[in-house]
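Only one chain is given next, in structure tokens, and it is the form predicted on its own.
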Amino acid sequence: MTRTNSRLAILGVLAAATALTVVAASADETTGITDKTIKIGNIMPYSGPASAYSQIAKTDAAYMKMLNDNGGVCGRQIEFISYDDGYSPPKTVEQARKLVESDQVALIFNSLGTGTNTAIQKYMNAKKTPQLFVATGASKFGDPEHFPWTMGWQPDYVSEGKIYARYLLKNMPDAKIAVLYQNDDYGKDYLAGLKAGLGDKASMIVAEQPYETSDPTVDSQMVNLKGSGADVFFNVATPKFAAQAIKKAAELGWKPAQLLNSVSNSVGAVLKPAGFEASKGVISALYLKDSQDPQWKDDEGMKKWNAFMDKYYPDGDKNSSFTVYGYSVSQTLEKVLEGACDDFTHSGIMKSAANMKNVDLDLTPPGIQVNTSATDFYPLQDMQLIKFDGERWQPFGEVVSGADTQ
């Protein structure tokens, strides 16, 4: 073989190798996507201490069924695959690997939990598979510079903590605050936000009590918090423990002003088991319409949600904020997928997710819209303070922008 022919042969091999690389990259970009289908994965605690949240995934699944009945998205039917992790990070890792490597999903959507999503964040980004609209407001999930394949959805916990701080500084400037919080990034984010919002008044916090998700109850923590002499109780707990805390405060005869983090302000899953009388006066924040608020009785978006629930999730709890949440995050995904029809790849889906401008959802109140950009991976940042009157949540004050609390 002449030197020229040898060089041509080498160039030919390199060209072929390059072509294979391009094909492989292209195949990776469309894993889970065909001309007729798209596979979407989900991981949710159907069992364990956070099982109350499983209503979210059940609503997600019902919404996907509705989309399929209406022709799917971009001409494709959705194959929705959801697995239980019991709110256990090691199990989340196992289920994520199963979804990505065995089921070969195009993305993992709306998987719940801070610790659980943290456990798979690096893996999902290494695989360049979207980890889209994680069901947690931990600030680490809005970091496009370091994790471009991971995006949050709900308002972040730090900003929400600052909102409560601003409320206390205005209305109870001499308060003594006791905090119950889950001992992980979720709980610590809320606590950090409260402290940042209080600024040089952070000494208003007189007691902090963490709990572990493996704890059977938070009774001992509540006894300690009462003993601090605090007249404000900030309840940073998932539904099971949040309900226990409200109920225990009443049993102890402790009657502080109570702030409840938004992830546990479900009337059906938290306030009802805690007791409506014990829950009366609790303050929280919302970014979605309250299905039990009579002001939305004739609202078109609420009518659509009620019709959806009646047809696709008749066993679902209309009193729960979790079914409202599931519907709304699924509607956001629908809009993202529709925006990626011309580039229906993993990258195309993420680009669409990072390009939402003033999007109104059926169940977001007026003044609260979805917005994202290449540098803003938190679609929702505005919230409305609410107070429980013994029957339902009553909004008060104006919509507060998360950006205003920075």
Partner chain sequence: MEILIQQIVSGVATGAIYACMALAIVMIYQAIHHLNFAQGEMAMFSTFVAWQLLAWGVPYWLAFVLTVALSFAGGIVIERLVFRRLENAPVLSHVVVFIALFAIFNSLAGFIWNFEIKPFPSPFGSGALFGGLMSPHQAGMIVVTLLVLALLYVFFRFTRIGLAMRAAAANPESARLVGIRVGWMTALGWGMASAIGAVAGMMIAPVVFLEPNMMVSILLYGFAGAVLGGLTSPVGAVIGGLAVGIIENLAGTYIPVVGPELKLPVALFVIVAVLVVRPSGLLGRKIVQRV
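Residue numbers count along the first chain shown, from 1. Since we're looking at a predicted model, the values are computed, not measured. Definition used throughout: the rigid core is the maximal C-alpha set that superposes within 1.5 Å between two forms.
The form predicted in complex with the partner chain is left out here; the points below concern that form.
Novice: Identify which of Gly227, Pro90, Pro148, Gly75 has a heavy atom within 4.5 Å of the partner chain in the predicted bound form; exactly one of them does.
Specialist: Looking at the other structure, the residue within range turns out to be Gly227.
Novice: Can you work out which of Gly199, Pro314, Pro294, Pro216 has a heavy atom no more than 4.5 Å from the partner chain in the predicted bound form?
Specialist: Here the answer is residue option Pro216.
Novice: I have Ala165, Glu277 and Ser284 flagged as a candidate spot, so tell me whether each of them has a non-hydrogen atom within 4.5 Å of the partner chain in the predicted bound form.
Specialist: Result no, not one residue of the spot touches the partner chain.
Novice: In the predicted bound form, which of 78-86, 116-124, 132-140, 205-213 comes within 4.5 Å of the partner chain (heavy atoms)?
Specialist: Partner-contacting stretch among the options: 205-213.
Novice: Looking at the partner-bound form in the predicted bound form, is Ser51 within 4.5 Å of the partner chain by any heavy atom?
Specialist: Yes, contact at 4.5 Å.
Novice: Heavy atom to heavy atom, is Lys195 within 4.5 Å of the partner chain in the predicted bound form?
Specialist: Taking the distances in the predicted bound form, the answer for Lys195 is no, it never comes within 4.5 Å of the partner chain.
Novice: Taking heavy atoms only, is Pro256 within 4.5 angstroms of the partner chain in the predicted bound form?
Specialist: Although the partner chain is absent here, Pro256 would stay clear of it in the predicted bound form, with no heavy atoms inside 4.5 Å.
Novice: Can you tell me if Gly161 lies within 4.5 angstroms of the partner chain in the predicted bound form, counting non-hydrogen atoms only?
Specialist: Output for Gly161 is no: heavy atoms all beyond 4.5 Å of the partner chain.
Novice: Quick one: which residues from 117-132 get a non-hydrogen atom within 4.5 Å of the partner chain in the predicted bound form?
Specialist: Nothing in this stretch is in contact.
Novice: Using a rigid core superposition, assess whether Asp215 undergoes a CA shift of 2 Å or more between this form and the one not shown.
Specialist: Result for Asp215: yes, a 2 Å-plus shift.
Novice: Following rigid core alignment, is the displacement of the Leu191 C-alpha between this form and the one not shown equal to or greater than 2 angstroms?
Specialist: The answer is yes; the displacement is at least 2 Å.
Novice: Is Trp296 one of the residues whose C-alpha moves 2 Å or more between this form and the one not shown after the core fit?
Specialist: No; that C-alpha moves by less than 2 Å between this form and the one not shown.
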